[in-house]
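Here we start with a single chain on its own, the form predicted on its own, put down as structure tokens.
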Amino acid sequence: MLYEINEKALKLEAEGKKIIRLNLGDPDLETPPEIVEAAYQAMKAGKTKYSSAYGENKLRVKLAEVHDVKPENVVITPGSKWGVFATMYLMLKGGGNVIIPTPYWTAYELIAKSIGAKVKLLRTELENDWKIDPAELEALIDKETKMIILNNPNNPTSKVIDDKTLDGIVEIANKKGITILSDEVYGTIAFTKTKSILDYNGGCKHILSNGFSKTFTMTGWRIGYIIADKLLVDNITKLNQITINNVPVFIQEAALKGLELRKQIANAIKKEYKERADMACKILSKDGLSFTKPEAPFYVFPKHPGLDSEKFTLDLLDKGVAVAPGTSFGDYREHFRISLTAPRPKIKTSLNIICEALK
């Protein structure tokens, strides 16, 4: 349904209708000019050839420095989605099951099913602040469980997993010998401190997926990375070799420039999206919608009792606003996701249209 909404929005725009797009996590801010210039200079310098399927060494060294790991634990991927796919493909293609807390980013389940893995969903609720219950998690684990996927901060709720809960999840995974794949693509720009899966083991027992799309507003550039033990890094590299070969070197040069400026870029994006989140919370609260306050960009995931969010979001498109139905993220029909990825005046206009449509 997430993709159906997007296709309908594109169709309406092609027909001349103006749509305020709050349905995708695609930052509206421009890629910082320093990053664009770095790519341009790299292309002019002839960095347009084949390269290592591991990724450029200087980028891997810089990422290793940022995350306090060894360069051999880093592999560059064409976007974090490919990193997630490659990891799941390599670890689950032989069968088994994966546990995914909901609400979740749609791609996790779709990837698992596409490679023949079974999915066990661990439901969380707004009324419980979207907390994962470690006891419920442990009860889902069986001898076929190979992976637990965490998205921290979470899409669509923008919630950060608190330290105590994360400690409990890691303890269970370690006890049961299960790998955690932690997607932390929003971690650097979270409004509150976010504990990384890498904080638990220097030997990369678990796996970090991350990328440049959100922090550096580089969604269309398609560059991400996986941090894992050397065996998985080598195997992802082999998969890169027979598929994408390598991320273009000029894009890796651009990413390297982003890392050099990461603190100022991250601070600027956090400030902007925190102000947007505060504005959205104020408007939505006045109209009685229930939601948790975002702890990271870019999403709000409100609940309206009795709502059929699929019908609501399709009807809302005709009013010029695109959002995503809650059913795209699990069994959450009364919820819908708002992406705060438009200029503030457009967000304000959209929120007023949404509130009016819910009356």
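Quick caveat: nothing in here was measured; it's all calculated off a predicted structure. All residue numbers are counted from 1 along the displayed sequence.
Here the subject shifts to the form predicted together with a small molecule, a form of this protein not shown in this document.
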In the predicted complex, which of the stretches 73-81, 123-131, 231-239, 93-101 has residues with heavy atoms within 4.5 Å of the small molecule?
73-81
State yes or no: in the predicted complex, is some non-hydrogen atom of Asn155 no more than 4.5 angstroms from a non-hydrogen atom of the small molecule?
yes
Although the partner isn't part of this model, could you tell me whether Phe301 comes within 4.5 Å of the small molecule in the predicted complex, counting any heavy atom of the residue?
no
If you check in the predicted complex, is Phe216 within 4.5 Å of the small molecule, heavy atoms only?
no
Just to confirm, Thr188 within 4.5 Å of the small molecule in the predicted complex by heavy atoms?
no
Joint contact, Trp105, Asp183 and Arg222 to the small molecule in the predicted complex, by non-hydrogen atom at 4.5 Å:
yes
Within 4.5 Å, heavy atoms only, which of Asn151, Thr194, Asn246, Thr145 is in contact with the small molecule in the predicted complex?
Asn151
